[in-house]
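Only one chain is included here, represented as structure tokens and corresponding to the form predicted on its own.
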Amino acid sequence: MINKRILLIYTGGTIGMIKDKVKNTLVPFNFDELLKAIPSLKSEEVDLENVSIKNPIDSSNMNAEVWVEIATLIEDNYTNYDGFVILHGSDTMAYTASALSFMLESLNKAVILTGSQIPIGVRRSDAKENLITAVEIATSGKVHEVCIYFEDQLYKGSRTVKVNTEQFEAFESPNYPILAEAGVRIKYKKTLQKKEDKKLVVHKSLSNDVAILKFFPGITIATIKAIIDSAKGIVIESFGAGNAPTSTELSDLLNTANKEGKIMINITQCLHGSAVDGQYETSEPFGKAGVISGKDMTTEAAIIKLMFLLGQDMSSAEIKEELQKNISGEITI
């Protein structure tokens, strides 16, 4: 039997943290020590190797440069390994999963992000099970995309959000079914499909010229204008099924922003469901001002999609067209 080769990519995060005795805070520790802490990772069926990003970080410090570094590690090692497992802090894991989903075009191998809620050195840590199962999933040959594995569930990378800071069940995929469930056996769902075998294309250009505008009752026009003026691409988190205050000032502001070349996409603040064009009168200002409906995209996927498209050599019209397409499974068409 030919052993499967899996590359572990360590980025930092709670899974690899120890306590700094001086500062009394959690800091990343040497990745080789992490492997020593889980001897059961070693298997006759799996050749497991590891690499770390240059400077492991708390995931709150994640940024586009690190995403490019991770994507480049996958690109450089793509033909040498059967799958990849990325150890990552849970706080921004959904953003990184979305980013890699867009950046790794024609990916046809498993890229599984995992981590833990409790550091691996703590007795009750969830790290060991998460890591061992993530490696097993990566070797299965049944997954060919970017996913998050956490606490018995495998989620589509571009559909995942973090929903809990205190429970082991930290993530949800609110508008897309889970891809696998780990119990005594790992049960893979029918939604998993092997893709057409194409050459991997890695996109490394992302734009930070984006912002999020979240509506709340009583938000002022001055606040809305300041946020829209701050960036080229704006994700609007609106009420319910995609609604906004009925205000002539707001309509005028959105129309002006559209004429100035701003790219605006509207998603719902709700965890479940979709922004629907024209369902209520209060959604009319968006449609008339050229705001794109993000339908059932997560905030993470919407902001990353804007960063990705703004980083490409595209006109505003082309970006708006691409925003409405399903590029990496992030939107239900």
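Not measured: the values here are computed from a predicted model. Just count from 1 along the sequence shown to find any residue number.
The next section is about a form of this same protein that is not shown, the form predicted in complex with a small molecule.
- Residues Glu237, Thr299 and Ile303 are none of them found to lie within 4.5 Å of the small molecule in the predicted bound form, as judged by heavy atom distances.
- Put simply, Gly89 is close to the small molecule in the predicted bound form: some heavy atom of it is within 4.5 Å.
- Interface residue remark: Ser116 is counted as part of the site for the small molecule in the predicted bound form, having a heavy atom within 4.5 Å.
- Contact check for Ser59: a heavy atom falls within 4.5 Å of the small molecule in the predicted bound form.
- Partner contact region in the predicted bound form: 51-59, out of 304-312, 291-299, 51-59, 263-271, criterion any non-hydrogen atom within 4.5 Å of the small molecule.
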